[in-house]
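There is one chain below, alone, in structure tokens, taken in the form predicted on its own.
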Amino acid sequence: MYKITIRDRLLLLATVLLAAYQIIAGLDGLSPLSIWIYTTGFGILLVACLLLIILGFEGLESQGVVIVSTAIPLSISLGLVSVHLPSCFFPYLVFCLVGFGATGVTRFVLRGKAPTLVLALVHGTAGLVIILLPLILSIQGQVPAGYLLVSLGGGLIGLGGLLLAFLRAGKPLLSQEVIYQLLPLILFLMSLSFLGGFSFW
């Protein structure tokens, strides 16, 4: 098991500070529901990073951490849908709830590759929403070009999720050591991208 380093902890601490700033600063002009959804996502990110700082990467072996971390991309993608596609909010909310529930149930009930496949499907779908929605809106001229940083954040969160999913499935795209070395940097750059992108809202 790769042991967490001072560099890793500093990157995770920086991610915690970025998430805390986003929670405190909020997003102007949004409905209370959308603000609550975004706050939930960044709050979970903050807690997950604190747990990694305290527990090290051994914390990623905890089923609870894996399940709770799934709520990060689900919350942020749901926030985007609530703002930009309100007509699709309820169906996507159902997907998020079912996906989160399925991730939790399969982690404790099933063995083998099924839990990882469910995690990859839920994480991947949420990541695609975060990537594609700002991209399409930018192409249509409905949002500033800087909002594309949200898409970059979605790509990074999707990359991190898939790297961990394949690692858990026993078919890692990279070695465990490399993945754990990259993860704090991915989380930091992801948070920085979200913070930058949402500043253009």
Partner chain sequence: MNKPKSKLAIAKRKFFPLVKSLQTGLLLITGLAGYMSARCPIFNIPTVLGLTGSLLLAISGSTALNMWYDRDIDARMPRTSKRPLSTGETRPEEALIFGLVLSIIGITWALTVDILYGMIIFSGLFFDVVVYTIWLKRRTAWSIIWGGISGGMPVLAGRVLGTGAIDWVGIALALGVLFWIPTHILTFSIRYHEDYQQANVPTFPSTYSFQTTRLIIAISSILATLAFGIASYGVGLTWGFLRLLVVLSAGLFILAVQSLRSPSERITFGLFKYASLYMLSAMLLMFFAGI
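Residue numbers count along the first chain shown, from 1. What you see is a predicted model; the values in this text were computed from it and never measured.
Below, we turn to the form predicted in complex with its partner chain, even though it does not appear here.
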query: Contact at Val150, Leu189 and Gly196 by its partner chain in the predicted complex, all three, heavy atom at most 4.5 Å; finding: no
query: Heavy atom within 4.5 Å of its partner chain in the predicted complex - residue from Leu50, Ile67, Leu163, Leu137; finding: Leu50
query: Heavy atom within 4.5 Å of its partner chain in the predicted complex - the one residue of Leu132, Ile54, Leu174, Ala145 that qualifies; finding: Ile54
query: Residue contact check: Gly59 to its partner chain in the predicted complex, 4.5 Å heavy atom; finding: yes
query: Exercise: Gly155 in contact with its partner chain in the predicted complex, heavy atom 4.5 Å; finding: no
query: Contact flag, Ile35 vs its partner chain in the predicted complex, heavy atom cut 4.5 Å; finding: yes
query: Leu167: touches its partner chain in the predicted complex, heavy atom cutoff 4.5 angstroms; finding: no
query: Contact set, 23-54 vs its partner chain in the predicted complex - heavy atom within 4.5 angstroms; finding: Ile23, Ile24, Ala25, Gly26, Ile35, Trp36, Thr39, Gly43, Leu46, Val47, Leu50, Leu51, Ile54
